[in-house]
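Listed next as C-alpha cells is one chain, alone, in the form predicted alone.
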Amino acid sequence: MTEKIRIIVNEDKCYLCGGCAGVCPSLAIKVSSSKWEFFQDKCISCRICVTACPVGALEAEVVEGKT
C-alpha cells in the first residue's frame, strides 16, 4: 500500500512566503496573502514542501499506509 500523508501547517511559524507551494509538483498547496490551503486529493506524499519550508512550519502526518 502506498503511503498517504496530510500536511499540517503551524500557523504561528508560517509567514505565507509560498515556498512550499512553489516546490509542490502536484499543486496540492495554495498560498495567498491571507491563508494557506492544502488539497489532500492532489498530494502525492513526496514531502518536498516540508523540506522546502524555511521556518519549519510544515509537518507530515501519515494518514494511510506504511511509514
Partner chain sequence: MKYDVVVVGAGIAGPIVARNVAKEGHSVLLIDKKPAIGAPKQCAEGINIGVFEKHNIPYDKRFINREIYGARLYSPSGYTLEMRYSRVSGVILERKVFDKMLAFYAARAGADVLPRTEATDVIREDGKIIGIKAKKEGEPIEIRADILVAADGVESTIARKAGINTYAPPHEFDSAYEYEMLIEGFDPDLIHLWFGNNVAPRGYVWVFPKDEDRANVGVGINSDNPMTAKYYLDKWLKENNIPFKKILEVNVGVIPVGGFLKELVKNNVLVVGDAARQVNPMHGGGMAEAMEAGAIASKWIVEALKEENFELLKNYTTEWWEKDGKRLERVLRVRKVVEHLTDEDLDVFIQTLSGIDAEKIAGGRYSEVIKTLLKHPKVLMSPRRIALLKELL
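Residue numbers count along the first chain shown, from 1. Quantities reported herein were computed from a predicted structural model and do not represent experimental measurements.
From this point on, the text means the form predicted together with its partner chain, which you will not see here.
- Looking at A52, you'd find a heavy atom of it within 4.5 angstroms of its partner chain in the model of the complex.
- Its partner chain is not drawn, but in the model of the complex it has a heavy atom within 4.5 Å of C24.
- Looking at S32, you'd find a heavy atom of it within 4.5 angstroms of its partner chain in the model of the complex.
- Taking a 4.5 Å heavy atom cutoff to its partner chain in the model of the complex, the contacting residues in 2 to 19 are Y15, C17, G18, G19.
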